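Provided below as structure tokens are two forms of one protein chain, presented individually as structure 1 and structure 2.
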Structure 1
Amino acid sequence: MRVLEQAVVHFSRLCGIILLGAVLTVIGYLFVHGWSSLGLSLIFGATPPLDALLMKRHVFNGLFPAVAGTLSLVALAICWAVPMGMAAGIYLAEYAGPKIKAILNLFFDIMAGLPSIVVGLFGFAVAVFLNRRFSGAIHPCLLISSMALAFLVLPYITRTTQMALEGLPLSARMTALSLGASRLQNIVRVLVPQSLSGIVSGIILAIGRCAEDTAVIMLTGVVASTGVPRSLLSHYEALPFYIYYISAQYTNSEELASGYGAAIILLCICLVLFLLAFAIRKRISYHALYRA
């Protein structure tokens, strides 16, 4: 019997070493190879950064269009997903009766489990449909991509909102009601503020998911090279797609180096968002609610 226990202990240590070793290798490999390419010129190429930011000049051999594309994509997707997702989460937690809740929960579970490429295919199908039905001007573009991404992260936001609200103790729920608050007042003025940390960390994780997703956007309008996105209906570049594209299509070592650089940037963005979400889950209730 003791042999088995010892074996389990050693096995668990071995697993830990394998996992951590593998992840550190992945990250270390990226940094070792991409370190030298990091710098302002990685993003802005030969263009002066200020000119690029003010849109005075195009950036040709830098990541600026991809970064700008990813940022606008994430901002738009979150814009669509947050109001809808929070409203749905509030409905599920505070209004829905047990039967409706069970049915809606099933749909949200399926939605959360859908592979992102299927969501991308849906976005593409909708674009084709709109193109045929309404206007030839509609084709896969920034707008369609951001809506498909919003669909992808909607269940995250709904779920975190719902769970944060349902996690509140009954006493918190009753306080404002006992003081004459209506159901809506209780939700808006007490319940949502008290579960804000959970909701916001969910939103941040959703942002991370939007920033890293490649499968959805490759079907809905991302391209390898087009410059900074001009409008909602235009093509755009994005960091994760750039990384994918470079890995398959690089022609020289400079391009490959910028691929490593892009990978480091994306990794850092995602990890920082993650750290932020964790910090907020502990802190935000403190910061958002203790104002006089």
Structure 2
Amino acid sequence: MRVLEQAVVHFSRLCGIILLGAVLTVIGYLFVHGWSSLGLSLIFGATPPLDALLMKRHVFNGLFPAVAGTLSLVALAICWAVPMGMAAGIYLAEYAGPKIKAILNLFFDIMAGLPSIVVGLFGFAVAVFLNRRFSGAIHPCLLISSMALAFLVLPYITRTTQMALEGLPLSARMTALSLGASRLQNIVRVLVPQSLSGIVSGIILAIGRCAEDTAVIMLTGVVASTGVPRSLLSHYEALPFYIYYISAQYTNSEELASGYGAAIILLCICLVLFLLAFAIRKRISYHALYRA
């Protein structure tokens, strides 16, 4: 039995090392091939950075529009998905009966397994319907892409919120109720703050999925070149689509290197968003502890 336990420990350690090595290999490969292209010219092209940031001049040969489009897309998708996902997770954990919970759990599990191309086709169908219904006023755009991505990541936020709430000990659930708090007060002031770690894990997973997905946005509004999105109903650029476009149609080594550079920028954006999510979680947890 002792030998078997040691074998399991060593195998688990080996799997962890292999996984870490694979991740470092991918990141190292990107930096080796894309490091030479990194610089302000990759992002802003020939446009002065301050003029681009202040929207005084357009950027034609840089990734700034794609960066702005990616950030806008992720922010909008998370704004749609987080309130709905948390509300659905709270309902499943605190209010739903056994039969309804079983049905909804199955539904969200099926949603989590949907291929992104299917969600993209659904978003495209919605765009076509709205275009016909409003006589061409609405077409594939940033708004529809963000809503399609929100639908794609909604199951992750819902299930992580549900599991985080259901994983709290009975003592945490009953303390506020025994002191006279209502059920809603108990959820808002006690249960949700104490389960923020698990909830934020789902949000982080959703941020990563929104930032990297290409299939959904290809069918719902992204284009190769359009500039910074001017409104929710306009076309936009995005880093994932740029990487796909360049890797499929590059004409020389410099264009391919810019694709690797775009991948590095996308990784950095995801890292910044993850750190921001962790900082928000830490701040909310601190204020919740301070109020308690």
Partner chain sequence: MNRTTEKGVEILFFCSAFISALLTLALFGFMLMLGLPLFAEGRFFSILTQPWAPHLGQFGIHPMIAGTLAISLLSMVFAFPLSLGCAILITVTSKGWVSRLLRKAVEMMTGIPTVIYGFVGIFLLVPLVREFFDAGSGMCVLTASLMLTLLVSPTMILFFCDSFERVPVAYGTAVLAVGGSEMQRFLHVTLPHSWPGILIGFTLSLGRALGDTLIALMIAGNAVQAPGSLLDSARTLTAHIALVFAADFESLEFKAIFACGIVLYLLTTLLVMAVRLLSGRKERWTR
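Keep in mind it's a predicted model, so treat the numbers as computed, not measured. Basically, rigid core = biggest C-alpha set you can superpose within 1.5 Å across the two forms. By convention here, residues take numbers in order along the sequence of structure 1, the first being 1.
Of the two forms shown, structure 1 is the one predicted together with the partner chain, while structure 2 is not.
Once the rigid core is overlaid between the two structures, L54 does not reach a Cα shift of 2 Å, moving by less than that.
The Cα position of L20 changes by 5.8 Å between the two structures once both are aligned on the rigid core.
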